[in-house]
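The form predicted alone is given below as one chain in structure tokens.
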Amino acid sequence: MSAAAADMPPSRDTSVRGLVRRFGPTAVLDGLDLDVPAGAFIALLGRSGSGKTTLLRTLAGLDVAEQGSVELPARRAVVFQEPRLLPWKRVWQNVALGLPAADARAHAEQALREVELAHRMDAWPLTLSGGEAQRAGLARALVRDPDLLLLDEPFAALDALTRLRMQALVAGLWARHGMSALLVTHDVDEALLLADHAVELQHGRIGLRLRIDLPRPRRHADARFAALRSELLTALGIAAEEAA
């Protein structure tokens, strides 16, 4: 490596090339290529078994691909569908897991304030509502100041109103922090509300990459929203009337 290259800041881009992951004879990821530029918000959709969660777990370092290359930012964090809070630790302690002890509480409090949960920082996890628990999980990711935020269907278990609030919260945090985000979701409307691009997986490869060039904040009533929604539903093999 040259001296000039050594002085360059680490890349915040994500690049996947030729990724292969098999489970038995089935290739869940089959030569997948994907780019997530720094600061981009990508929604990952596809039918069950298309490789969405396997790809996210690979990017999170929780699964190992058999072939291919992955270039990632050094700082990454994951928000899972289940908050996975430790019930014997208070909320702030869950958020601060893995941080150096010095100033851990202060950093946790700042992250909890960003997700509007600072008033519950000393609560026990079992006293939280579903939405509050997921906010705590989001704070645990934010406190690590990630360049890449990986979201594995984080709103799937929430009621409709809480889900809308959490979507708005994530959109605001993404815009404020300037991080990249990769969201696994089955919800076409969620993808259109949050992402710059929607990527649809088919048999372990990209079937469609759709640019979502809608102004923010987004509205379902926008005619362009409806057109993009129809295009995504068609790619997923769902008739618009089935999703209505």
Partner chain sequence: MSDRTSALALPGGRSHPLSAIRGLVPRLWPLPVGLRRAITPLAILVLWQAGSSLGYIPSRTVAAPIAILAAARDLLVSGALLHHLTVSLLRVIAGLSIAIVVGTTLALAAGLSRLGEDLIDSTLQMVRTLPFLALVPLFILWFGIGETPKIALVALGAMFPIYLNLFAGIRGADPKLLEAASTLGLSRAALIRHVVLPAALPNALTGLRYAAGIAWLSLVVGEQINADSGIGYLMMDARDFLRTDIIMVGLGVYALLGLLSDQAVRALERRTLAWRPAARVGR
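Numbering follows the first chain given and starts at 1. Remember, predicted model here, so these are calculated numbers, not experimental data.
The form predicted together with its partner chain exists for this protein as well; it is not shown, and the discussion that follows is about that form.
This chain appears without its partner; in the predicted complex, the one residue of 38, 206, 175, 62 with a heavy atom within 4.5 Å of its partner chain is 62. Here is the short version: of 144, 105, 163, 120, the single residue with a heavy atom within 4.5 Å of its partner chain in the predicted complex is 144. In short, of 108-116, 166-174, 88-96, 153-161 it is 88-96 that has heavy atoms within 4.5 Å of its partner chain in the predicted complex.
Within 4.5 Å of its partner chain in the predicted complex, a heavy atom is found for all three of 84, 127 and 140. In the predicted complex, its partner chain lies within 4.5 Å of some heavy atom of residue 57. Remark: residue 78 counts among the residues lining its partner chain in the predicted complex, judged by a heavy atom distance of 4.5 Å or less.
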